[in-house]
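Next comes just one chain, in structure tokens: the form predicted on its own.
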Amino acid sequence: MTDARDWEGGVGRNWAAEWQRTDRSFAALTPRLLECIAQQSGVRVVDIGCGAGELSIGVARARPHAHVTGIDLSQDLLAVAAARAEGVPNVSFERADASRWIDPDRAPDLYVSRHGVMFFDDPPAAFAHLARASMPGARLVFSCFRAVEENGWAAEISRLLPPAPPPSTPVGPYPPGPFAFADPEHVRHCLAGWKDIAFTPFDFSYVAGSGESPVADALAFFQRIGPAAFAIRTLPDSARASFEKRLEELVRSRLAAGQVTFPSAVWLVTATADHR
């Protein structure tokens, strides 16, 4: 389970170090998400959990008369985003918790996010706050993973892992994590303060490795990001060696046409702020 503290610490640092590979993994999703965003009006745009800034920069370039603010908890990711945005005058980045953040000068009329909204500790409270802080009729567009079983990069790696021990502390009703928003009914419940909620499924190829040595590239990626990375850090030596061997076999089996790819499945979610 990944939560806010992880993003402020090691997880954020790893994603900042691997931003080129993580952007590549979403290379087929990002243009589709930008198309969905382009169908919405908005000149005061906030990117929730902006990470290394790819979506923020894409929206800013498509809307030169808008201002885009990228919000994230990780200072490491924000440093990458700011460096990438040099020369894009209408985008800025701020370290903040989006579930509490308010811009006193610009009430947002459009919220966007690429997989950045599944990590709130209390999603209903967070989304209610976002709605209250927005302009009347503000729109929300985000992507989130569907079920683990529909995302091969997670499901196939998870099958290589030993059974996880039960959590040491009770899990609340809204455990954060990459698959926290897989169930549309759960998402509807989380989207307090929003109406006209719609879900569009989108399937794409998740690119884990490419270049001169795609298998080595994918293994290097998985060693830093995702379920394999946690296993490599925490498994005993003997179990880790066995896991790494099976992981390499899996990655090799996924090599085709010079790339290591896995099936991936997301929801594209849209909603309207309900100020009633």
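For clarity, every value in this text was computed on a predicted model and none was experimentally measured. In case it trips you up, residue 1 is the first one in the sequence shown, and so on.
Keep in mind that the form predicted in complex with a small molecule is not shown, yet the notes after this line are about it.
- In short, of 133-141, 179-187, 149-157, 74-82 it is 74-82 that has heavy atoms within 4.5 Å of the small molecule in the predicted bound form.
- Taking the partner from elsewhere, residue 209 is found to have every heavy atom lying beyond 4.5 Å of the small molecule in the predicted bound form.
- Interface residue remark: residue 59 is not counted as part of the site for the small molecule in the predicted bound form, having no heavy atom within 4.5 Å.
- Within 4.5 Å of any heavy atom of the small molecule in the predicted bound form lies no heavy atom of residue 267.
- Remark: residue 129 does not count among the residues lining the small molecule in the predicted bound form, judged by a heavy atom distance of 4.5 Å or less.
- The putative spot formed by 202, 226 and 262 is not touched by the small molecule in the predicted bound form; no residue has a non-hydrogen atom within 4.5 angstroms of it.
- With the partner omitted here, the residue from 45, 37, 251, 50 that has a non-hydrogen atom within 4.5 angstroms of the small molecule in the predicted bound form is 50.
- Of the residues 96, 102, 197, 192, just one reaches the small molecule in the predicted bound form with a heavy atom at 4.5 Å or closer; this is 96.
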